[in-house]
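For reference, the chain that follows is the form predicted on its own, supplied as structure tokens.
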């Protein structure tokens, strides 16, 4: 199976790409910044294309069997903007159909299921829900993954200098998963996928932890430098969302993370793709 990857350079795209390479798949990376991508993956085929441009996408996908999508809506995006998971996904599906691609792999999210709970609705979750619908309606076989919280967020989106920033306190317990474990599961799913078979998997890590439990364990195990935890009151984001798109994004995602009652639903993924084993401590130690 020849796999094209869109979004290989991001926080989650890099470990997944490395696991697909390690599994032996012929890989082509589709990127806007070719130089940066070649620096990260010097021995991999890299081609230039843009999700805004269907013709470049079609040319980049010729000869590929599968395209794996690691797309996201950035914190500063507005509802009226061009979104890679909306208009960009439509362009990509059309290009994949024209190029003869035979499978679409897509990184979705468990947390988007918070939509409409407690009377909440967020346009970002509408986009993600519509993305799944677009892929399923495309006629192309698909592999869709719905992951819980990634451990990488503790050292990424939640890291502010020497602090892990949390907003409010919550009793819900996401099952944090390491992106490398997830990448292995993606690779295995492609290895076992039969022609024409559709796959959907919930992706969860080895144990359920509150955000504060995960952050505290990460800080204790991370010895590269001294880190602390800052807990901000939610009302700061609630006020800030009136002024910036980034604060509005933070408010909505925090609301979902703090209230979505995640339960274990990954037995099929563990049985088919292997059980994730990386703990918070192991992840922290892997960073130094």
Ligand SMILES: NC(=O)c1ccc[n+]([C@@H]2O[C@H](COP(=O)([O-])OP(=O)(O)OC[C@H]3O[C@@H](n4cnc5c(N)ncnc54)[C@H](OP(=O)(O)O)[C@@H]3O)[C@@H](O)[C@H]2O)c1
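Numbering follows the first chain given and starts at 1. Treat the numbers as computed from the prediction; the structure is a model and nothing was measured.
Heads up, the form predicted in complex with the ligand isn't pictured, but that's what we're talking about next.
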Flag residue 8 as yes or no: does it have a non-hydrogen atom within 4.5 angstroms of any non-hydrogen atom of the ligand in the predicted bound form? yes
I'd like to check something about residue 29: if you look in the predicted bound form, is any of its heavy atoms closer than or equal to 4.5 Å to a heavy atom of the ligand? no
Looking in the predicted bound form, any heavy atom of residue 89 within 4.5 Å of the ligand? no
Closest heavy atom of residue 280 to the ligand in the predicted bound form, within 4.5 Å or not? no
With a 4.5 Å heavy atom cut-off to the ligand in the predicted bound form, the contacting stretch among 69 to 77, 134 to 142, 208 to 216, 194 to 202 is 69 to 77
Looking at 188, 97, 153, 170, which is the one with a non-hydrogen atom within 4.5 Å of the ligand in the predicted bound form? 153
Counting any non-hydrogen atom inside 4.5 Å, which residue from 166, 93, 101, 107 sits next to the ligand in the predicted bound form? 107
Across 144 to 182, the residues having a non-hydrogen atom within 4.5 Å of the ligand in the predicted bound form turn out to be 147, 148, 149, 150, 153
